[in-house]
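Single chain ahead, by itself, as structure tokens, in the form predicted on its own.
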């Protein structure tokens, strides 16, 4: 009997597949479809402070009266947050799988404000969506310090599990994850996908780049999952960014992941792909004599293979020097 149950961030999951935060998790109808498809947990679409601020600013510009502008700002912010809290409450009522809220802030006070209200609304866990591109405006350690400071402050007031969605541009990822674990974080997600930009050479304008990840993106996710899993033991990791097949799910678990976030593949193939993935994972486990996820979780991570340097190879010449 194959058992797909696992835990992530201290939460019991019926299987490791997690619907990642996206437009597919912003309504009860879509959330129910994902649950019925078989996912083990759902991360709601992020509550973005920046989006709320931009909406408030645009409406405030329509008023000539400061008092009216203040009222508009307050109303818009409260309305956005309350709608998000309503989504959490409705999702908890409609679903049996764990519901993870997600927030993205850029002002330190907002992290605490949003997190407390989300906890009170009944979310099973909270995913912190942090990413900043340092274009030379901050110190070299600014991003790492932001992660540490946010987690430290939130752990003072929030008791539900905290999951940190990490950026790829961290100079010492295992070191930072170790600090977050020490501060009480319950898990990390590798990785956050930055907004992709492009340049339109006809209009000479900055435009949006590809929205979805590609299968080749999974290589970095796999590498760092294995390294962090080996360097920071007994800490939960979820793979995200580049998961496009059932094989990727197996690889992520072998590298040490306890959860696998799906996003682009859900957009491209629809919720029914979840059932296909679960069936194929079960078949692979059966063929390889594994009856539960923990039997092979981390089996090939940085700490458990004979030559961990395999995860550190970065030079193409090591692979292609013999090619004619």
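It should be emphasised that the depicted structure is a prediction, and the values quoted were computed from it without experimental measurement. Residue numbers count along the first chain shown, from 1.
Only in words, not in the display: the form predicted together with a small molecule, which the text now covers.
Engineer: Which of these stretches, 117-125, 173-181, 236-244, 152-160, has heavy atoms within 4.5 Å of the small molecule in the model of the complex?
Structural biologist: Of the stretches listed, the one contacting the partner is 236-244.
Engineer: With a 4.5 Å heavy atom cut-off, would you call residue 193 a contact of the small molecule in the model of the complex?
Structural biologist: Yes, contact at 4.5 Å.
Engineer: Mark residue 23 yes when one of its heavy atoms lies within 4.5 Å of a heavy atom of the small molecule in the model of the complex, and no otherwise.
Structural biologist: Residue 23: contacts the small molecule in the model of the complex.
Engineer: Closest heavy atom of residue 45 to the small molecule in the model of the complex, within 4.5 Å or not?
Structural biologist: Yes, contact at 4.5 Å.
Engineer: Do residue 146 and the small molecule come within 4.5 Å of each other in the model of the complex, heavy atoms counted?
Structural biologist: It does not: once the small molecule is placed as it appears in the model of the complex, residue 146 has no heavy atom within 4.5 Å of it.
Engineer: Go through 41, 278, 34, 262 and name the one with a heavy atom inside 4.5 Å of the small molecule in the model of the complex.
Structural biologist: By the 4.5 Å criterion, the partner-contacting residue is 262.
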